[in-house]
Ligand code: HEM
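Coming up is one lone chain in structure tokens, specifically the form predicted alone.
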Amino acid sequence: MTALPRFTEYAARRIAKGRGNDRRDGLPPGPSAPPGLQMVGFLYRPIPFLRACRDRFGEPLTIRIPGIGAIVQFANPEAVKEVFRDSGDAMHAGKANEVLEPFLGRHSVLVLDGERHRGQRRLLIPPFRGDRMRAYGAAMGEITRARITHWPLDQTFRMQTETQAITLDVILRTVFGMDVGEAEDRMRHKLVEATRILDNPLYLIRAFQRDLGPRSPWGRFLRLREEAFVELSALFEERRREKELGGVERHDILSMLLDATYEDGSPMADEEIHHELLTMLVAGHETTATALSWVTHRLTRHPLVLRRVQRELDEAFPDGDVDPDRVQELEYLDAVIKETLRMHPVIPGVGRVIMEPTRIGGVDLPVGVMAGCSIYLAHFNPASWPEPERFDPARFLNGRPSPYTYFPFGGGIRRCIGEAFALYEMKVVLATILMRLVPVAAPGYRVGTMRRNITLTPTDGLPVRFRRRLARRTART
């Protein structure tokens, strides 16, 4: 771990000892540390930073980030409900996400608001519906099986690297619809290199998004992105030629977007499809890979939970082959995933920029302030989650939690479109791995949380070992 993350974890604790801001702007109290220091704490050690702020100032609280301004963090369910129930007119999520525009493009559904957002969202929802989504299960299982055959048994390796490889191949196969070959290899190489550059959390701040030439990190990212768009444009033309010649009907998400039309009958522009595919990559590759790593970590620390998951798998698939059509029946695996996402939210929170004076949680917020719904603070609220530090999948076995106390995929009209896809992919991947292998904690490893761009990942890529399952229990008679 580098010196800067060690420093910022210490800084996060020191922030809690501040006297708080003077509230001359009428906003809730928060740390008095300079905004630059708050930025370092929030970017590099968000969990200690938020915990320290909550312990010192309560909730809601206000943090201040250069280039963003004041962010009022809410975690109370009633306040979260008020934010999520907004129609998108009084509060703009796209404006809150505008720092992502240079990553994703100006047409990304994440940075749009109002009617433009609603129109784009309508076109993106159909490919992620249940029947469409399940058609991708076979590819997810095949990709996972191929990957794990190369894992060294009883040797330590970084799980995050492996989960990223799996989820990237799932994106290339099911979203981009690419076949195995040179084109897929070229695209994979460009995307891996581009996302590696974006690992640095500083690129979430506009001041650091500067093109200083092709050898500078941001300049290199922009050029890789354009090279990927050139590859995608060639893929678009190939799909269109296939359709004109009456070729095999494809069901990947790219093919559906090429056929999609707005309410006036006009198709999506190529640039719009470029930006949405890049959004799906950023929002669905690193995030799902990180969630898979956190579940693996929890299974290594809770052997009874692991045994129950594997017993459920053995009973569901007595022949040893995972049927993607039946993974939705795995209630305990589903509960393990959801409890993991409660304790390890992949992103720390979601935000809305106030566009007209608004009252949230009893606090009057002026135009321009950002209302943040802190996923981490809400998921560790003892009023909503008794003993929140205890890992207990049983919390999710009886009924659904309130969408205002549990929202790892955001909420309201901005709830993640790919939520069902991500959960389904996680079940297929985990079931495929756990039918064959047993995860074991790496000797001497102590897990921590670090930020990689927008995601909160295990430190050091989660070193882990796997051993082969010696025997499986057959289904009960």
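In this text the structure is predicted, and so the values were computed from the model without any measurement. All residue numbers are counted from 1 along the displayed sequence.
A second form of this protein, the form predicted in complex with this ligand, is not displayed here; the remarks below concern that form.
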{"property": "Heavy atom of Arg414 within 4.5 Å of this ligand in the predicted bound form", "result": "yes"}
{"property": "Touches this ligand in the predicted bound form: Gly141 (any heavy atom, 4.5 Å)", "result": "no"}
{"property": "Leu224, heavy atom within 4.5 angstroms of this ligand in the predicted bound form", "result": "no"}
{"property": "Proximity of Pro408 to this ligand in the predicted bound form, heavy atoms at 4.5 Å", "result": "yes"}
{"property": "Residue stretch of 182-190, 345-353, 295-303, 380-388 approaching this ligand in the predicted bound form, non-hydrogen atom distance within 4.5 Å", "result": "345-353"}
{"property": "Pro48, Pro439, Gly418, Pro29 - the one with a heavy atom within 4.5 Å of this ligand in the predicted bound form", "result": "Gly418"}
{"property": "The unique member of Gln73, Thr288, Thr340, Gln160 whose heavy atoms fall within 4.5 Å of this ligand in the predicted bound form", "result": "Thr288"}
{"property": "Joint contact, Gly41, Phe42 and Leu204 to this ligand in the predicted bound form, by non-hydrogen atom at 4.5 Å", "result": "no"}
{"property": "Contact set, 235-255 vs this ligand in the predicted bound form - heavy atom within 4.5 angstroms", "result": "none"}
